[in-house]
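Listed next as structure tokens is one chain, alone, in the form predicted on its own.
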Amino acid sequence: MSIPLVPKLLRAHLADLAKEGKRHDGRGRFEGRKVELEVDCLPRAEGSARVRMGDTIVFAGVKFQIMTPYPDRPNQGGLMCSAEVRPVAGRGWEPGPPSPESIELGRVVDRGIRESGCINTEDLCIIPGEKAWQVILDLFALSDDGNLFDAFGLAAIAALKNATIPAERFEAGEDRPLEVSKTPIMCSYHKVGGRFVYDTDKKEELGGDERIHITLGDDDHVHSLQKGLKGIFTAAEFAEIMSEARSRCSELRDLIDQAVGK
């Protein structure tokens, strides 16, 4: 299938800028947009966060419900993460059931959090084999101007870190904070104009190629690594991306610590 005219022209323009070491909005290659983070912003959620990256705005909300533990994990609770992107977020998003793109967003964020082990699922057990807490993490995009992955990932861990288990309401003991032992952070890189750049906006996503999502822990341990779209990257490109990701993840982790007061 041929590339539509507008993306084709955009790709050519972005490639010309890349040859000069530029990006269309004037940022450096690994320079992110301004990030704003607010926690405890949804009054009906047990934990919440709002993230703004440039003109991309997302919310994360945490709720809890009581579940029956799985037979093979009688002493563990659960985590469920989903992302919702509706037409209000921007062009290209349709009403109706979750699109493959929004499903991918939820799964990539879920994987980074789950694989980090930041939530001790055994601590969510109420009665072994009978009752346990299920953490429900809902992600919603208000405005999509690119890089929803990182915005959702940042909002998700911030919301979890300020969540409270509503045990009293369920007559299951006293309310207590959700224990979150680590702060996994996702950084995404997109190949635009033949080179990888950080924090792409919508134009760069439309005119870009393959992407890679890296979730790092407090000690720079790689919790998840996800590649998207078609294309390849070299060992040298990956080494460069990892070096930049370590630095950026550390900065975003400090931002979360300031926001949640830890």
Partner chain sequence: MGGYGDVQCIDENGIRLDGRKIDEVRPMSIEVGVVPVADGSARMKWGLNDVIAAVYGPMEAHPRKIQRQDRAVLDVRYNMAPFSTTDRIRPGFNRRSREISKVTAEALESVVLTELYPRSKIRVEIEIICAEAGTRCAGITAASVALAHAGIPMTDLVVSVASGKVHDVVVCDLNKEEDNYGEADLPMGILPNTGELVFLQMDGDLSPQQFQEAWDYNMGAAKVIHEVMVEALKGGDE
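Here the structure is a predicted model, which means the values were calculated and not measured. Heads up, when I say rigid core I mean the largest set of C-alphas that superpose within 1.5 Å between the two forms. Positions refer to the first chain, counted from 1.
Beyond what is shown, the protein has a form predicted in complex with its partner chain; the following relates to that form.
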Its partner chain in the predicted complex reached by all of Val35, Pro177 and Ser181, non-hydrogen atom within 4.5 Å: no
Exercise: Thr121 in contact with its partner chain in the predicted complex, heavy atom 4.5 Å: no
Ala18: touches its partner chain in the predicted complex, heavy atom cutoff 4.5 angstroms: no
Close approach of Ile136 to its partner chain in the predicted complex, 4.5 Å, heavy atom: yes
Any non-hydrogen atom of Asn75 within 4.5 angstroms of its partner chain in the predicted complex: no
In the predicted complex, the one of Cys125, Leu142, Ala172, Leu79 near its partner chain [non-hydrogen atom within 4.5 angstroms]: Leu142
Sequence-ordered list of residues in 217-238 near its partner chain in the predicted complex, where near means a heavy atom within 4.5 Å: Asp219, Asp220, His221, Val222, His223, Ser224, Leu225, Gln226, Lys227, Gly228, Leu229, Lys230, Gly231, Ile232, Phe233, Thr234, Ala235, Phe238
Core-aligned CA displacement of Gly78 at least 2 Å between this form and the one not shown: no
Is_shifted Pro166 between this form and the one not shown (CA, 2 Å cut-off, rigid core): no
